[in-house]
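Next up: the same protein chain in two forms, each one alone, written as structure tokens (structure 1, then structure 2).
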Structure 1
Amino acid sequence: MKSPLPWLLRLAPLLLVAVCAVLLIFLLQRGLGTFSLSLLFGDVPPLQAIFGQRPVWDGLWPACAGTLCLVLLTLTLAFLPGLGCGIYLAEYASPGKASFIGLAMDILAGTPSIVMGLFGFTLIVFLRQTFLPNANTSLLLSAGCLSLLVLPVIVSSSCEALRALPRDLRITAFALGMTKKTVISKILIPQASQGIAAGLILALARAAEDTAVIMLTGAVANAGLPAGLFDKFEALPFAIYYTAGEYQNTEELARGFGAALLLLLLSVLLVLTAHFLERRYLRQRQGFHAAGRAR
């Protein structure tokens, strides 16, 4: 039988693909030509630029380095609280507590990133009026606010990874006389590590692309390489935003397109990696589970 699908329904996905293709081709056309070492380092020799011996004025290297520091610092801050909360949620929490923590994480996940930025900004205003009159927006503050942003991602992915483990594993381990602590730290977490890693990579991608938070908490257009935890810094997304409004010549505009393409590639790559890790993890677990049942 011929399907009675109206043409409008066929048009919808085609339109979506077409719009995205137009945007992507536009970005590629304007940005691909700029991809070279000089996009990152300008006319400074790369090694000297990387080690900060000579400042880079017309390249993206300071912004990339800033984003790298920011993302690593964010993960450092968010990893342990996220993992711990995920373990608690999956293994210990009573239904009431689980629903309360779930609510808190849902609220956090739904909070717009600009509000997280405002939280950091409020914190600095508060600190300035009270204990630390010299406090200012900085790398550490941005990383702290970003870690709030990625916390729900880490919590839910580590919780899901633990829940996806076959129950036989737990029962066997308990039957061997292990205490719950040993089971969790020696068996469940190593078994779930791939799923947890997928969540971390996803969190990395979120932290790398977010602009609104760092806009309010210390990203600036010209700071050079990140100097320290309490200094202002440059970041890739902020550089893109800044270029769109304030570019002076075609060269800067071309660099903006290069930066946009770079960030797009980075986040797509990260998310694809996380996606495949997660898929492989779930397939392995379910395969293991099914095999256990069949026996």
Structure 2
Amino acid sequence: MKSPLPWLLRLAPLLLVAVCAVLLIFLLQRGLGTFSLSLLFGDVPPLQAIFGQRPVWDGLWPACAGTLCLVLLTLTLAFLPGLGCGIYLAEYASPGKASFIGLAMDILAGTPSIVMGLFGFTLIVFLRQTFLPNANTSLLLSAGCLSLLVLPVIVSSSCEALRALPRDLRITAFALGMTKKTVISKILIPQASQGIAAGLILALARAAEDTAVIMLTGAVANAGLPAGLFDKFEALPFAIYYTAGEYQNTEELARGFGAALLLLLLSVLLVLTAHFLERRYLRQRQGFHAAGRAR
């Protein structure tokens, strides 16, 4: 009697694809009909809404602008530490230190979002009781907590992109008299840039869709366009969460589905871009290996 394991293994990816397809079809049926300028800007002229000349109360533009500011600030806070840690792991760290740092990154990557949100909220409570009595949740706090969540993605992608480069690059550069600092900054990082960029885009996708962190650290409903780093803000994930719990009629619920579809499309676009950059980087690396074998 043949084992059913091969059939189960074939069924597993089909089940995954079917679930994703059902989810996408459901969102398209419920949210595609709401896609229009009014979904983003309500009854406000688009240019006036974009430049903040008139507030938008019935559209998603403030949430989109808040999400954009959030992910850009998160990337600003996480990029240099993540890249630096990746370079250290790939080029400087001993096996023991690399194993310890890798374990720390794995623990940080496995931290639930709600725990990170509670950490940010507790930090504000601590600051109020000690140094800063006026401290409050804000865009900066949300971005700081999210940067801790996406840091392992940037570290691992930077490290793997550098480690995957041919050893001949380093040997040739050192033979030409270059210092290790010059080799890293002028040769290795430019050659690994596409792999690093793919990790950054995946980190942006993670930051754009997270809800648990921002709902405890600064996101609110009807805050308008982001006014500053220390102010409240709106974001698409929180707008979806708020609409799902507080909608008053079917029209508001339909806008919630439209917001969910918009966020899903944004995440898919970022992931596909990262996949494209990764494939291009792999082809480039295979070209390097082929050239090295030819020599």
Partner chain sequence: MPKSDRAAQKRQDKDSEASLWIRLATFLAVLAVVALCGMIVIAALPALLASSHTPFEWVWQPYQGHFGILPMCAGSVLLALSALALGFPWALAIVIWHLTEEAQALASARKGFGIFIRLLTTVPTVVLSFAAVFLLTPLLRTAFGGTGMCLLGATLMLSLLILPTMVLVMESGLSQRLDALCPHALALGLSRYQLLCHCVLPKNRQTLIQAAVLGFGRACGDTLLPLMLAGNAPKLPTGFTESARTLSAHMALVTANEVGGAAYNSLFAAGLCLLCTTIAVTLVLRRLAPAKDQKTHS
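Here, rigid core means the biggest group of C-alpha atoms that superpose within 1.5 Å across both forms. Just so we're on the same page, residue numbers count up from 1 along structure 1's sequence. Everything numeric here is computed off the predicted structure, so don't read it as measured data.
A.B. asks: Here are two forms of the same chain; which is the form predicted on its own?
C.D. replies: Between the two, the form predicted on its own is shown as structure 2, not structure 1.
A.B. asks: Quick one: once the rigid core is lined up, does Val271 have its C-alpha move by 2 Å or more between the two structures?
C.D. replies: Comparing the forms between the two structures, which are aligned on their rigid core, Val271 does not shift its C-alpha by 2 Å or more.
A.B. asks: Could you check how much the CA of Cys20 shifts between the two structures after a rigid core fit, in angstrom?
C.D. replies: Looking at the C-alpha of Cys20 between the two structures, the offset is 3.2 Å.
A.B. asks: Given the rigid core as reference frame, how large is the C-alpha shift of Leu11 between the two structures? Answer in angstrom.
C.D. replies: Displacement of the C-alpha, rigid core superposed: 5.6 Å.
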